[in-house]
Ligand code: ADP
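Given next, in C-alpha cells, is a single chain: the form predicted alone.
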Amino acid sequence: MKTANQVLLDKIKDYVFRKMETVDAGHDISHIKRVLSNAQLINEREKGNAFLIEAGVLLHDITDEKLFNKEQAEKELIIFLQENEVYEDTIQLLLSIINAVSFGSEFDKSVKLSLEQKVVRDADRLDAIGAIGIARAFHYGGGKNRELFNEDIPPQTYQSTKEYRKSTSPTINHFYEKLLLLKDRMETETGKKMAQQRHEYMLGFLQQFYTEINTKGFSLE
C-alpha cells in the first residue's frame, strides 16, 4: 500500500505532466525526469528529505516565468496543493525550493539555502551542462531566433535578474554567461563531482566549434 506521500507525489506528477504538455523540448517532461534522476543520485549521499526533493523537482519549472505567467501559475499551484490537503508549512517549503532553482535567483546572495534547495538546484543545473546542456542551449536559442555566434558581441556580466532575463546575445555567449559558471556554483559536494566531466565536455565542444568556424573566438579561461 502506498504511503500518503507517495499518493501525493502521484497527484503532483499528474498535475505537472498536464501543465507541461505544451512547453518547449528543453523544459518538457524528459527534462523533469532527468533532473529527478540527478536529484535522487545526489541525495543518495547528501541525505535530504526525499519527499521534498522529489516534489520540488517535479514542480521546479511549474512557475518558471520563461514558460508561464509566474504569478498566475503560483496561485494555481497553491490552490492545487491546498485542495490536496498539503500543510501550509509544506507548501511554503515547496515554493522556496522552486524559487531557489533559477539561475537568476543567485543575484540575491543573502539567501541561505536548505539542503533540499541545494539538491534540487544542483540536479537542475546538471541538466544545463554537458551534452544535454549544449543541446538545450541551442534549442532555446533557435526558438528565440538568436545568432549561433558573433565575434563582435562579447559575453556580458549581469548584475541583476532583470538584466539576465533581457539578454538576447548569441547562443555561444550563453556558455560564458551561465553554463561554464555552473561547475563552481554547485551547492553539494556530490553535485560538484558530477559537474566536472560535463564541464570539461563543454570546453571540448567550444574548442571544436572555434576550430570549425576558423576563428580564435573567446578565451576558454
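For every residue, the number given is its place in the sequence shown, counted from 1. As the structure is a prediction and not an experimental result, all values here were calculated from the model.
FYI, the form predicted in complex with the named molecule isn't displayed, but the following is about it.
- Proximity of Lys13, Phe80 and Thr90 to the named molecule in the predicted bound form is absent: no residue of the three has a non-hydrogen atom within 4.5 angstroms.
- Of the candidate stretches 172 to 180, 149 to 157, 189 to 197, 50 to 58, only 172 to 180 contains residues with a heavy atom within 4.5 Å of the named molecule in the predicted bound form.
- Screening Arg45, Arg165, Lys33, Lys70 for any heavy atom within 4.5 Å of the named molecule in the predicted bound form leaves a single hit, Arg165.
- With a 4.5 Å cutoff on heavy atoms, Ala137 counts as touching the named molecule in the predicted bound form.
- In the predicted bound form, the named molecule lies farther than 4.5 Å from every heavy atom of Ile97.
- Within this chain, Gly130 is remote from the site of the named molecule in the predicted bound form, having no heavy atom within 4.5 Å.
- Under a 4.5 angstroms non-hydrogen atom cutoff, the named molecule in the predicted bound form has His27 among its neighbouring residues.
- Although the named molecule is not shown here, in the predicted bound form the stretch 44 to 69 places heavy atoms of Asp64, Lys66 within 4.5 Å of it, in sequence order.
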